[in-house]
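Only one chain is given next, in structure tokens, and it is the form predicted on its own.
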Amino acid sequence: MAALDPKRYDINILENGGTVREFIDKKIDELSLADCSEPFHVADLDDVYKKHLTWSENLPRVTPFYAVKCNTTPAVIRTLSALGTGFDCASKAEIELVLSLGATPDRIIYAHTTKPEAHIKYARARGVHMMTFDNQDELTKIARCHPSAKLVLRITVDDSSSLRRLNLKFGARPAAAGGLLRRAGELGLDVVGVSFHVGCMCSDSRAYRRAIADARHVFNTAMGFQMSLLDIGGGFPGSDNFPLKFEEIAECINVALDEFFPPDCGVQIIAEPGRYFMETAFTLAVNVFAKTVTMEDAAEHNGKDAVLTMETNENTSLSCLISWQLLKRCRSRERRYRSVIWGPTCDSMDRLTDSCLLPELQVGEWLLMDATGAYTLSVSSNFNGFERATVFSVVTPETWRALILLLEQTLNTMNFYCPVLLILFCFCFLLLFNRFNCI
């Protein structure tokens, strides 16, 4: 159970009914007493656990392989690993990270279609066999560096209804799939499945149905390969603020899977959610260290209206955020002003938001930003020497006990199978020994 030791990995237990907001307020008070105003994130592991339960309830046939690129906080990786989640890794470093935090090689898909040869060799050395491809040159590299890999062909699908379209860069056209499969066969490689991605924050659930139908077509022209895996990618919203709800997407996916890949077809279904698990799990606390007040015409008020321009001390890129909220520790009836919030660097592109309504903040006050867990920490930098925000992970005792129970079940299973495997190994060794003695 050391993998989830709260003291060893700086996981804070919210005792006596404590809440995340109370933890944040206490942390701000502690920092103020220490004359420190450094920004910090709070990761709510209960939120991650609830997302896992919601996923299992709504997509029971689909195993999530968490997209590590979204957020690499160790406590999060360990929690998902304890929950039995797989991991979508895109580099040697991500593979190394998840293996060091409790994942096993069979629960990793190297889901980058263009990989450095050194990274492919590393995956092979660590027992990671499942990886994607979408072009012939990649097949040549894999044949040279990892000929026993289990390959997944990524195809392009319609992502026109998504906020960020990924098929501009990744995926082979379905019409080109036959040629790639033939080439894989010529190289002696094993193609075990098909993957796709409908794009980031998809606003039309029917995109998944169309993509699943496209994948079925590729399965039907498998050219002798025994395909047993379908990877439906990501694009799932992580917040209820998004117009298309996760439950609506799940319903559409379930219907499409039952039609094109029924339960008795023998195909394993996986997905690569990132934002879904992380977005609402994190809250960011920043300190306002500078402020400018300007006046602009406000016709609706027959006069001037104040515009607040504030600088905060957080250098995390929030440009990747889709939905988030700004909260000040203030009275709810305070007057709001149009506010522009900047990061601390000298870069004029370092702007968190150019228009939001906030009460007037004073220098030294703290600002809280909800739903900041997705693609913020992973793209942050120390530009201009500003430090990345610290992460404090919290969990309630109830969720902690549930995670420990899951881990104990895993360990008990391993304790049962390890002796069995050892006996089988010894049996095989004796058979070989006797065979060679007979020769």
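The first residue of the shown sequence is 1; numbering continues from there. Note that the coordinates shown come from a computational prediction; the quantities given were computed from them, not determined experimentally.
A second form of this protein, the form predicted together with a small molecule, is not displayed here; the remarks below concern that form.
Does His146 make contact with the small molecule in the predicted bound form, using a 4.5 Å heavy atom cut-off?
Residue-level check for His146: no, no contact with the small molecule.
May I ask you to check whether Arg154 falls inside a 4.5 Å heavy atom distance of the small molecule in the predicted bound form?
Arg154: yes, in contact with the small molecule in the predicted bound form.
Would Glu272 count as touching the small molecule in the predicted bound form under a 4.5 Å heavy atom rule?
Within the cut-off, so yes.
With a 4.5 Å heavy atom cut-off, would you call Leu358 a contact of the small molecule in the predicted bound form?
Although the small molecule is absent here, Leu358 would stay clear of it in the predicted bound form, with no heavy atoms inside 4.5 Å.
Each of Lys69, Ala111 and Cys200 near the small molecule in the predicted bound form, meaning some heavy atom within 4.5 Å?
Every residue of the candidate spot has a heavy atom within 4.5 Å of the small molecule in the predicted bound form.
Considering the small molecule in the predicted bound form, find the one stretch among 255 to 263, 229 to 237, 96 to 104, 181 to 189 with heavy atoms no farther than 4.5 Å from it.
Stretch with heavy atoms near the partner: 229 to 237.
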